[in-house]
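Shown here is one chain on its own, the form predicted on its own, set out as structure tokens.
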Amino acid sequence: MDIRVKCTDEEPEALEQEIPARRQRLLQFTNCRLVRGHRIIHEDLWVRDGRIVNPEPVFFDERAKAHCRIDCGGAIVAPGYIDLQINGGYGVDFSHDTETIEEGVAMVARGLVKSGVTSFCPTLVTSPSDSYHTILPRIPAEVSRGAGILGIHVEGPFINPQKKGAHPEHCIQTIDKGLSTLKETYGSLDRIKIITLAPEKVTDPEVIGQLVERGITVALGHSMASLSDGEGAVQQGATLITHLFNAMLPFHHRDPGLVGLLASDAVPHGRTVYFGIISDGVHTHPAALRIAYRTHPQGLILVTDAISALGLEEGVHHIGQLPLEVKQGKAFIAGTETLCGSIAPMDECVRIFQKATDCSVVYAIEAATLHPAQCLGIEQQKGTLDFGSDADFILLDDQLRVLSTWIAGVCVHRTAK
């Protein structure tokens, strides 16, 4: 699928240089199939000022024509992928590289666009308090020509040590003084978008509602919680489960634990419980992917849970305070057989999920676009190709391989032919 560009003025040398970021510049993407309204439609995509626009008033009221027409060669045009849980990549560990965090986040943001990710939440695993105080204020709010930063996901330290996974046990804490504990631990809550905690480790359940009132999504994970514990947290405002099936009690028919929230009748009416799931071919068996998909499809969110070894060769690296080893396509805590994160990029996770579940192409894409946007309450700006939304989108071939990535209507990556 070849992408061709024709503009009314100069002919640029490359697609990335072809469309300068000028105000009021109207772009028309033709010969494409849009993922819109839960289906694939044959329609042009119009972009101006970094947003997707309705062409009707452009035609009939403004009588304007496109400054540039981009022939997409029959490609699928989908919203850009959104990753709510990623610990690093390309040799960068967000929880460990405290002295170079700005450069590290920028490197990852620019790398992620290659796999179609246009927005993400840098994720910090359980760390000492002074690490949070150092790192959180220094994570950049935006990166030029890189995936957008939606806010920070702090995965810990308020988790259960019995389900610590790759989190250092000596750094784990309990919320015993309400919001004061969180402020003392993190230094500030201003940049935080998601907090993963173990509900059974929260002594004051009102803390969850107080976090939600601040616009923070509360996720449940790394937990020994019963279903009742999880339902109580959801009734207080929790809306997300962190990497379903991993670092939680296994499903049991007498007490299904956090997994049971997918079918609970105690979830408040009108509220959706979302759950991240890692479809990297390692963390979650294909049958488990199918169970989750068939049980609660509207809440399923694909996450990578990627670590610093994403994009690197086999060898020893690190995740937070712990060394890790990549071998045979998997990442382990060094010297053990404990999995500690994924090294599969988001586009690969989408392909694996679609094949494992035999879901529609549209659903597989929405699990990495619309659903995470809905979870964070940003679906008016991200996760769709609706009129007025941000022009963050990707071009895909029929095998769901990324051809190019666009952020605010600007091409930030194009796969080499």
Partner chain sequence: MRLVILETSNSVGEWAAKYVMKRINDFQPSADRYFVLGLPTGSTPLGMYKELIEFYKQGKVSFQYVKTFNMDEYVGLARDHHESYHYFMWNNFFKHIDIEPKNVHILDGNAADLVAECNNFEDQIREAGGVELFIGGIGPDGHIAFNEPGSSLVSRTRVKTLAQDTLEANARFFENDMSKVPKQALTVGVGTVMDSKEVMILITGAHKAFALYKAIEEGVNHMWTVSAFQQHANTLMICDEDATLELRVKTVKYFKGILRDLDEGSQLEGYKN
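Quick caveat: nothing in here was measured; it's all calculated off a predicted structure. Positions refer to the first chain, counted from 1.
What comes next is about the form predicted together with the partner chain, which does not appear here.
Visitor: Of these, R69, K355, R51, R33, which has a heavy atom no more than 4.5 Å from the partner chain in the predicted bound form?
Guide: None of the other options qualify; the answer is R69.
Visitor: Considering only heavy atoms, tell me if E379 and the partner chain come within 4.5 Å of each other in the predicted bound form.
Guide: Flag for E379 set to no.
Visitor: Even though the partner isn't displayed, in the predicted bound form is E43 close enough to the partner chain, meaning a heavy atom within 4.5 Å?
Guide: Yes, E43 is a contact residue.
Visitor: Answer for P57 alone: is it within 4.5 Å of the partner chain in the predicted bound form, judged on heavy atom distances?
Guide: P57: contacts the partner chain in the predicted bound form.
Visitor: Taking the partner chain as it sits in the predicted bound form, is H38 near enough to touch it, meaning that at least one heavy atom pair lies within 4.5 angstroms?
Guide: No.
Visitor: Quick one: find which of 60 to 68, 388 to 396, 355 to 363, 369 to 377 has residues within 4.5 Å of the partner chain in the predicted bound form by heavy atom distance.
Guide: Heavy atoms within 4.5 Å of the partner chain in the predicted bound form occur in 60 to 68.
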